[in-house]
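First comes one chain, alone, set out as structure tokens in the form predicted on its own.
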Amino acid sequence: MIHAKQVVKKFGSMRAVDDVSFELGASESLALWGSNGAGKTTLIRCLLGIFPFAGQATINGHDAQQSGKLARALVGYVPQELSFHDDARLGRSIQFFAKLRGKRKTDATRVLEMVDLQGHESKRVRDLSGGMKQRLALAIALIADPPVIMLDEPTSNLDASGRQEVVDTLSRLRETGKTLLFASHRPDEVHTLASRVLVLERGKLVRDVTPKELWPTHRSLQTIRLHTNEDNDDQAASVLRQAGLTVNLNGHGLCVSVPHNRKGEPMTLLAQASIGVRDFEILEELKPIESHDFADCPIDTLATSNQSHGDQP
């Protein structure tokens, strides 16, 4: 369904996406994983033909750049930042976006039913919860019944209840045969929705694995940001990965995910490799999505925990 070959996107001299290739079959679900700045959003925008890029990307055989309109017609896209008219009612919002997509006659109730918002047609957008707004965005993406759904951090700004609502909706859509490609920073969300994970780091694809391969333990996970002496992050990441730990680099230290009862292990491994750690921060641990024993690992959000050390940015 989606084929990307040697995709490169530069902003000046910086390679935001650096020679990324992968394939995603119909009805499969793929998560893009990595810290802020890893290239997740940029890669999605390249696949949509929003950004010009080097290399090739196709959706069901349609080139994302040369036949962008045909390619995008197959995709329902939900961006990270939502924009609605607060005074608009849900039913009319569906009709408005349907007209933009060339669908003159659209049953708003049917579309809203796909995301469990039926009965709210007359409600104003401003009266919706965060989870309901996200499901409205998903309903709009589904107006033309596209075979592919792309989402950029679909639950990043939601509370636990809102996250559960969105993940449950996406799970049902996946079961109907939709192809999912989404960026996420939550292990529990990835485990629930994805069959494969592309791990991106500084624009490069460093691993193509299953969620279980990325997080083999079913214990609660904690993420720690480490700052090495002499900014020796690349060598430190190599040592920790060889020990089987999940590591992300983004130019602001390295983030490593460990079982909750093994938080000291990364420092021990690095000390054995003669790599000094000048500072560390324990990142916020949130309640996992229901039915999974995976705690949240928000890579780029610092905790307010009194266990944190060093200056807060």
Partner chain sequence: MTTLSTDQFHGHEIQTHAGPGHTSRMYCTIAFAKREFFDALSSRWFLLYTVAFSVLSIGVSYMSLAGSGSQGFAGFGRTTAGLLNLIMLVVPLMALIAGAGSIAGERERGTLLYLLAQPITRTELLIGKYIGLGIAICCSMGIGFGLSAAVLAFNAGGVGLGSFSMLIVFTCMLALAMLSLGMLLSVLSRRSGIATGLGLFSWLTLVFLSDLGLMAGTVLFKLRVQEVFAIAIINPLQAFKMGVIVNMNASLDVLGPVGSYASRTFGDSLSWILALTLVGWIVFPLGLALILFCKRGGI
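Positions refer to the first chain, counted from 1. The term rigid core refers to the maximal set of C-alpha atoms that superpose within 1.5 Å between the two forms. Keep in mind it's a predicted model, so treat the numbers as computed, not measured.
The discussion below concerns the form predicted together with its partner chain, not included here.
**Student:** Based on heavy atom distances of at most 4.5 Å to its partner chain in the model of the complex, which listed stretch, 30 to 38, 65 to 73, 241 to 249, 256 to 264, is the contact stretch?
**Tutor:** Comparing against its partner chain in the model of the complex, the contact stretch is 65 to 73.
**Student:** Would you check, heavy atoms only and a 4.5 Å threshold, whether R202 touches its partner chain in the model of the complex?
**Tutor:** Answer no; every heavy atom of R202 is more than 4.5 Å from its partner chain in the model of the complex.
**Student:** Would you classify H120 as touching its partner chain in the model of the complex, given a 4.5 Å non-hydrogen atom cut-off?
**Tutor:** Judged by the heavy-atom cut-off of 4.5 Å, H120 is well away from its partner chain in the model of the complex.
**Student:** So in the model of the complex, does E175 come within 4.5 Å of its partner chain, heavy atom to heavy atom?
**Tutor:** Close contact exists here: in the model of the complex, E175 approaches its partner chain to within 4.5 Å, heavy atoms only.
**Student:** Please tell me whether any heavy atom belonging to S156 falls inside 4.5 Å of a heavy atom of its partner chain, as the geometry stands in the model of the complex.
**Tutor:** Although its partner chain is absent here, S156 would stay clear of it in the model of the complex, with no heavy atoms inside 4.5 Å.
**Student:** If the criterion is a non-hydrogen atom within 4.5 angstroms, does every one of M1, F97 and M114 touch its partner chain in the model of the complex?
**Tutor:** Affirmative, all three are within 4.5 Å.
**Student:** Which residue, I140, A194, L151, L90, has a heavy atom that falls within 4.5 Å of its partner chain in the model of the complex?
**Tutor:** It is I140 that has a heavy atom within 4.5 Å of the partner.
**Student:** Residue by residue through 33 to 68, which ones have a non-hydrogen atom no more than 4.5 angstroms from its partner chain in the model of the complex?
**Tutor:** Residues within 4.5 Å: R45, L48, I50, F51, P52, N60.
**Student:** After superposing the rigid core, is the C-alpha displacement of D116 2 Å or more between the shown form and the other one?
**Tutor:** Yes; D116 is a residue whose C-alpha shifts (by 2 Å or more) between the shown form and the other one when the cores are overlaid.
**Student:** Take the rigid core as the frame of reference and indicate whether the C-alpha of K204 shifts by 2 Å or more between the shown form and the other one.
**Tutor:** No, because once the rigid core is superposed, the C-alpha of K204 moves less than 2 Å between the shown form and the other one.
**Student:** V125: after superposing the rigid core, is there a C-alpha shift of 2 Å or more between the shown form and the other one?
**Tutor:** It does shift by 2 Å or more.
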